[in-house]
Every structure is written in structure tokens, then in C-alpha cells.
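Given as C-alpha cells, the chain that follows is alone and in the form predicted on its own.
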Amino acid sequence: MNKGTYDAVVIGGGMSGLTAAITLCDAGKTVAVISKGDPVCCLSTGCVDILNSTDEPFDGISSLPFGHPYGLVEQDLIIEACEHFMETAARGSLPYAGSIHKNRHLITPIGMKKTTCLVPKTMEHANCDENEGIHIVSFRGLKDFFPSYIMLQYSNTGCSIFDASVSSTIGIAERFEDERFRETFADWLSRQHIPEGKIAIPAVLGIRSSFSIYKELSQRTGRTFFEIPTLPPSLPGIRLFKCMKQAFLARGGHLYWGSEIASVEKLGAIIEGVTLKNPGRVGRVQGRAFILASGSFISGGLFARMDSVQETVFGLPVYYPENRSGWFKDSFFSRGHQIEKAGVEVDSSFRPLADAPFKNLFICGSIMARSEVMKYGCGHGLAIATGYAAARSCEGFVR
């Protein structure tokens, strides 16, 4: 290995990949992350769903079917992983609220409730009863947010509309980064004679400074606010991704962004490096160990053919239901499509099972077989837990 060899190379820049990368950096390892571009977490609500089938996530985890990736992570390690995430987010000025032992139910932009666990502090007060007094503040021309739907579900609800002179979520959020705009908005809000109760606002309270803007607005008005995520892509998901990405860079991590892997260089059962598809000169990244966190079908980590499923980076063996006609239910929006079980099977150290060809490769996130993230509502929680656990195994290997 030459001087430019990293202790670990993480392939995938989503929640599981960045969690693994940050964990290894905190252990003093040199780490690179390779990613094709902004990950699926940018489309998310920014909340951490650990498991939404029960009010207490760990009760649900203990009853998951055999083979689910949560079964590879001890409860204490899941707790440690989530605490590490919350510390990382807080250091990045994006603090989270909630207990990993208790789910909460948040208002969505169409008035339904979403079950989740850890939420950005700007959503801390979004756990509302149907009869609780809520006043919705929206913005003229804003799409992907529907106050009338929310008002149908919550009878004791009012609504006011502010004209921000722009109508996109990112445009309004950028305006909130300006102090004079915040003063204007707070003055307008104080003149609305809003009854006592919480004030709900779409998630537009800034892009870079959301928590400080949230606190300032609460102090200026003396009111209790909470954000409601808009439909994807939602700013809380973008904030979360930017926070994790900056946390990795602040720890000295190296990013290869917008890069696809062209080939894998190996010596026997050891991966030595990967080459990148770059215009002109071909790039090469060497590592002592590799972590695959490339996600499932949406992220491109898995690719479905007519009668099989392919892992797209290393060509690893993939588990998938054999009957192609049974992969999907009749309704796309139904939970529990059989194809969600597809993925790479791993052992207790998060290495691919014995029939896979590489000894210095670890796996984490939704590319793991039988994850069924949509069915069990465990997206970011599973990413954080398995990313952290895979990093710990990888750390032991490179030590």
C-alpha cells in the first residue's frame, strides 16, 4: 500500500455511508467517501424513523422476523449509534429532540400523522392532539403544503397566509436567512391576533441556520412554533444531509463527489482500490478496507433485471425472491412488496456472507438483504445503526 491509501473507503454518501465515515474519523482513521451525487436522504423529512410499528421502537425490533439487519446490532449498540448521531447533529447546529425509546406522531403536509422517533428541534412540538389549538402560517403561492387538508383533521385550527414575494420552499428559506426579513415576518405575525396555542409553519425556516432562526422567531413573538415538512424534496432532509456532510469534512474526511466507480482492483480476496469515471484522467482511490453503503434500487446500489437483481459496484451475490411475478403488490403504495427483501446478505461482522469474494469489505444500510425499510418504517434508524456497527467492525479490521 502506498502513502495515499486510506484506512477505509466508503462507497455511498447517504445516511449509512456518512454515519460509518464519521464514526471511523472519530476513531482516528483516514477515510474517503465516494458518491455519485446527493443521496436519497435529501428527499426525506429529516426525521429518524427507528421502527414505526409500535409506540416503543425496541419492542418492535425484538419482534422483527429472523434475518432483518436490526438483528445483527445489539440494543446497546443501537442506542450508542443514535446518541452518536445526536451529538454529531448538535455539533453541526442541527440539534434533535426525542427519545429512542418512544415514538411520536407528527403532522404531515396533507394532514395525516407520521410515526417517527427523533426529530429536528424545529419539529419538537409537532406531536399534537386532534383537539389542540393550532394556527397554520403558510406562504402565498407555496406548493407541496396544504393547510386545508390539515384543517380538516384538526378542528381547532386557523390559518394565515404571508406574502414572502417568492413561492418556492428554498426561496422562502433563503429569505429567512436575512434578519430584516425575519423582523418583517415577526411584526406581521404579531398583528394577526392569533389565539393561544401552537403555530405550525412549513419547513422553510432557513437552510443553513434553521435552529437559530427558529429560536429567534420564538423569542421575538413569545409563541411556540413547529415546522411541518413539505412534500419531497423537503428542506429538513437537505439540512440533515448538509450537516452530516460538513461533519465528515470537519473531521478531515475526503470526498469524491459526483464520481461513479469504473472498476475494482483486487488481489485475491482483498480489494486494493477502485477507479473512478472522470472526464480525462482516470482517478484511483486505494483503501485498506471498504464499506459499501450504496443503498437499494432508488439509489442505484441494486439493479433489477427481468429475472434477477444485481449489486452494481462489486457484483456481490444478491438475495431476492425468485418468483418475478410476485415481486410487487397490485398497488404501488401498498407496504410489503416482496422485492424490498432484495439485498446483500451479511454475517455478524457486516461482511458479505462466505460465498462473496472479498475479505476487507463491509456492508451497511438499505442494500442489506431483508431490510424492508418502507414496510417497517426504519429508514434513517437502520442506516445509523448499521452504519455505526459496520464502522466498528471495519475499525477492528484495519487496527
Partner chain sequence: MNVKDVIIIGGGSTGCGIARDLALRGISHCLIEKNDFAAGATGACHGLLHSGGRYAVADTDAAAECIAENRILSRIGRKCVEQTGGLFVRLPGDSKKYRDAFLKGCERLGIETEVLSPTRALELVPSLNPALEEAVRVPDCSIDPFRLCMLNIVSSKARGGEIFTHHEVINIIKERGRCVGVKLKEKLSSSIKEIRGKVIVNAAGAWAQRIAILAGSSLPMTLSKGSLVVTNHRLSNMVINRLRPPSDGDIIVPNEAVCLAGTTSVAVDSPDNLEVTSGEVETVAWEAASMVPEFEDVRLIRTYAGVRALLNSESLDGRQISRSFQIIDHKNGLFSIIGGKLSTYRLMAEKLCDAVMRHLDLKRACLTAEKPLEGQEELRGYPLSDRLESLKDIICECELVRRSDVERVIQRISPKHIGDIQHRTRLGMGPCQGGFCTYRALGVMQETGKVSPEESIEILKEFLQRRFKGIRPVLWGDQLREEQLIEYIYLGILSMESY
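The structure presented is a predicted model; accordingly, all values stated were derived computationally and were not measured. Numbering follows the first chain given and starts at 1.
One more form of this protein exists, namely the form predicted together with the partner chain; it is left out here, but the text below deals with it.
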The partner chain in the predicted complex reached by all of T45, G300 and S325, non-hydrogen atom within 4.5 Å: yes
Single option in E177, E130, D144, E74 placed near the partner chain in the predicted complex, where near means a heavy atom within 4.5 Å: D144
The partner chain: the contacting residue among G171, G252, P321, P232 in the predicted complex [heavy atom, 4.5 Å]: P232
Residue stretch of 80 to 88, 178 to 186, 267 to 275, 105 to 113 approaching the partner chain in the predicted complex, non-hydrogen atom distance within 4.5 Å: 105 to 113
Contact of K359 with the partner chain in the predicted complex (heavy atom, 4.5 Å): no
Heavy atom of S93 within 4.5 Å of the partner chain in the predicted complex: no
The partner chain contact at A369 in the predicted complex, heavy atom, 4.5 Å: no
Distance check, H68 to the partner chain in the predicted complex, heavy atom within 4.5 Å: no
Neighbours of the partner chain in the predicted complex among 301 to 315 [non-hydrogen atom within 4.5 angstroms]: F303, A304, R305, M306
